[in-house]
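To begin, one chain is listed below as structure tokens, in the form predicted alone.
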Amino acid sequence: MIFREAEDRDLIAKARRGGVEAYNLLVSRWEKRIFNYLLRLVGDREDALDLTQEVFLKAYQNLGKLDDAGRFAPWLFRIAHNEAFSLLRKRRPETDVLPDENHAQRAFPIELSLAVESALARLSEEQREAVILKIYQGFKFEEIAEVLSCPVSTVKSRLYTALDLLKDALAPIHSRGVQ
């Protein structure tokens, strides 16, 4: 990550000077992670694709406002967070449907990832995002706090509560030997 960070700094400096090719390289490095993050937050592939484009457009437009190029990843994920929650606020009234409650009870090994996704969907938005940033994206607590604009203690509380809930939701799967 340190090597990539150093390269990202160079690319950001070039992009700030108008280097479109340097910014395109940054996009190609980060777009899959941003897309996967957004997909887990919004749950719709097309929306995640649209949001990914919006995130990189806004990042490009605001690259001059990035104070520390070494903080590019948390800054980029903060933009993604804002875009995702803006969309979720807009569509909230039509999407209060809970996932199938019995899904975890009937899971087979090939369905384990679906059971995990279903369990994640049952978490609050704040808990789910903390899990996604820590487990799926590998951010440190301090970086997650920066992305979510909240104290580290809040991040830890959300994460540990969410992990307990996930453990309980997935316990029937684990106890049957599906791993």
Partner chain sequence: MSCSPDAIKDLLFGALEAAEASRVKEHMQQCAGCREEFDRLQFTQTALHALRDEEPPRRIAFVSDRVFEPRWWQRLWHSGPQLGFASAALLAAAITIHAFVRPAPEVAAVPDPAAIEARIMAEVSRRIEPAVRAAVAEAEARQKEKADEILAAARREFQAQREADRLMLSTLAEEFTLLQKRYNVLQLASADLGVLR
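Numbering follows the first chain given and starts at 1. Just so it is clear, the model here is predicted, and its values are computed rather than measured.
Below: the form predicted together with its partner chain, not depicted.
Residue 11 falls outside the set of residues with a heavy atom inside 4.5 Å of its partner chain in the model of the complex. Although the partner is absent from this view, residue 147 stays clear of its partner chain in the model of the complex, with no non-hydrogen atom inside 4.5 angstroms. Heavy atoms of residue 31 reach within 4.5 Å of its partner chain in the model of the complex, making it an interface residue. Using a 4.5 angstroms threshold between heavy atoms, residue 52 counts as touching its partner chain in the model of the complex. Along 52-75, residues 52, 53, 56, 57, 60, 61, 64 each place a heavy atom within 4.5 Å of its partner chain in the model of the complex.
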